[in-house]
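Given next, in structure tokens, is a single chain: the form predicted on its own.
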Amino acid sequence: MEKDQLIAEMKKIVGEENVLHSKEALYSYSYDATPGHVYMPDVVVSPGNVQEVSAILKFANEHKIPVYPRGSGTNLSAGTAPLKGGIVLLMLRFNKILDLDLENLIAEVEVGVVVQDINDYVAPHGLIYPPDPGTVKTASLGGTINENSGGLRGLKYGITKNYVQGLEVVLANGDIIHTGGKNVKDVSGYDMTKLFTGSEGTLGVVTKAYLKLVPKPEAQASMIAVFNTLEDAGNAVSDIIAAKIIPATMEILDNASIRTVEDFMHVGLPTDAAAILLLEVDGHPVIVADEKEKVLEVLKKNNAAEVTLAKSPEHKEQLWTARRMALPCLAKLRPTTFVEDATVPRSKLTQFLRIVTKAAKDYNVTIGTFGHAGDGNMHPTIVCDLRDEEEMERVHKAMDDIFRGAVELGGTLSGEHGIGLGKLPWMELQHGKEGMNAMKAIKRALDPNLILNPGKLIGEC
């Protein structure tokens, strides 16, 4: 189809003001937060209701035009990059919190709502929506559902899929379906809600979700522990869990990350430490007091050189700002930043950190590692320059060693960022040919013309 005809048809569906097609606008939506992936779409379309999404997909399916659902574009795996041209389906007009059901503790939310806005909305009622991605203040709900995002609270509270109880989804042919709902229990048919959560927009376009909320914990205790070896830090993580304590958060920063954050933030981090752990326990005040003491005991047993408890809400915020600023600070070092999220069983954390350290040394690349130690979800962050071809060859070799090492330890390529285009080369390594064929069969069944985010997650079908 000619580009001008496509633009005219989109204007008929959503109105001229909701269609972008200038060169400047198209370039703005040709990439996301992933370096090295820029692909020009033919048109950017902003539907305002589910009927418009349905009409767009019916038209695109009939004419075999690729469609890429997109929210804030903060994803880190090129999941929204318009690989084959076509339509970027911008979902930010779906920006309403439709209902807050305090009897069932369910929020009915459109997918363009920013995650932090959900928490701000439910906070006066003493509730939280636990998924807490690093981009919580900018990421849209739809993106976090498509990527099955995690975050700092994943250890105790789980990730996005644990809180999505139902969805409204538009299929590739324009059919509108509803999965799940407000029921706590529902085993009527296949679990379609879980199928679409984490499918990276390759199976349908999510327009609305029913989200489970939980009561805000009454008390918290935060602390920072300093270690002189990675082994001691890794052993402390395992021993805390073995002591049957599940912290709300348990984060780690290696020496490269510590030094970088301190250079930019000046928050008093010990730059000679091999690693620091940031921990928080929460719940009933009596339980928090008990778990805090047990955690301190485990940290001491594992040779923590120093442990500091947060003395005030302001001090606590300072500690967690240091963790949240790890990526922005590392990104200031070089023009290009690759943030990976390979994940291993937490008992293998120390071994994985050694693999990352060795890769950095073997290929002479700069890697700062931080992440969610409690659930084994690490973020080896490689800073480099995409324009330097020789350096990029070394970067890709380091990535290969890191991903292969994670899989060999029984881990996975991604804990929360998704596969997109960035991790496609290693998918068969983890899932095998048979596993990939099974996933491709699901894709072909729901999207036989392969129009939805083509080429992502499972590659070509």
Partner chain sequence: MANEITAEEINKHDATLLKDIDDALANCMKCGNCQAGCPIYRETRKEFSVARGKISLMQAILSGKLEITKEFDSMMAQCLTCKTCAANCPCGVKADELILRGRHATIKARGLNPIKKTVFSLLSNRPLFNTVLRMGGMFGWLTFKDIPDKNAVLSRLPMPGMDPNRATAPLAATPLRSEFPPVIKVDNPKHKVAFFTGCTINFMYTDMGKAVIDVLTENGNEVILPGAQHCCGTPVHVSGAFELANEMAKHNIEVFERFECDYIVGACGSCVEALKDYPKWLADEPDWAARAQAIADKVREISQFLVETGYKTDNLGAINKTVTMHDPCHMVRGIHVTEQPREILKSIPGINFVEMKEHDRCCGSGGSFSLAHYELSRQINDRKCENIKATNADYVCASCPSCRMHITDGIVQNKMPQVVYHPIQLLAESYKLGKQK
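From a predicted model like this one, the values you see are computed outputs, not experimental measurements. Numbering follows the first chain given and starts at 1.
What comes next is about the form predicted in complex with its partner chain, which is not displayed.
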item: Proximity to its partner chain in the predicted bound form, single hit among Ile106, Ile367, Leu90, Val170 (heavy atom within 4.5 Å); value: Leu90
item: Contact assignment for its partner chain in the predicted bound form, among Met223, Leu327, Val298, Ile97, heavy atom within 4.5 Å; value: Leu327
item: Contact of Gln165 with its partner chain in the predicted bound form (heavy atom, 4.5 Å); value: no
item: Heavy atom of Lys332 within 4.5 Å of its partner chain in the predicted bound form; value: yes
item: Exercise: Met392 in contact with its partner chain in the predicted bound form, heavy atom 4.5 Å; value: no
item: Contact test in the predicted bound form: Gly112 vs its partner chain, heavy atoms, 4.5 Å; value: yes
item: Residue stretch of 136-144, 342-350, 214-222, 245-253 approaching its partner chain in the predicted bound form, non-hydrogen atom distance within 4.5 Å; value: 136-144
item: Glu24, Arg70 and Thr337 all contacting its partner chain in the predicted bound form, non-hydrogen atom within 4.5 Å; value: yes
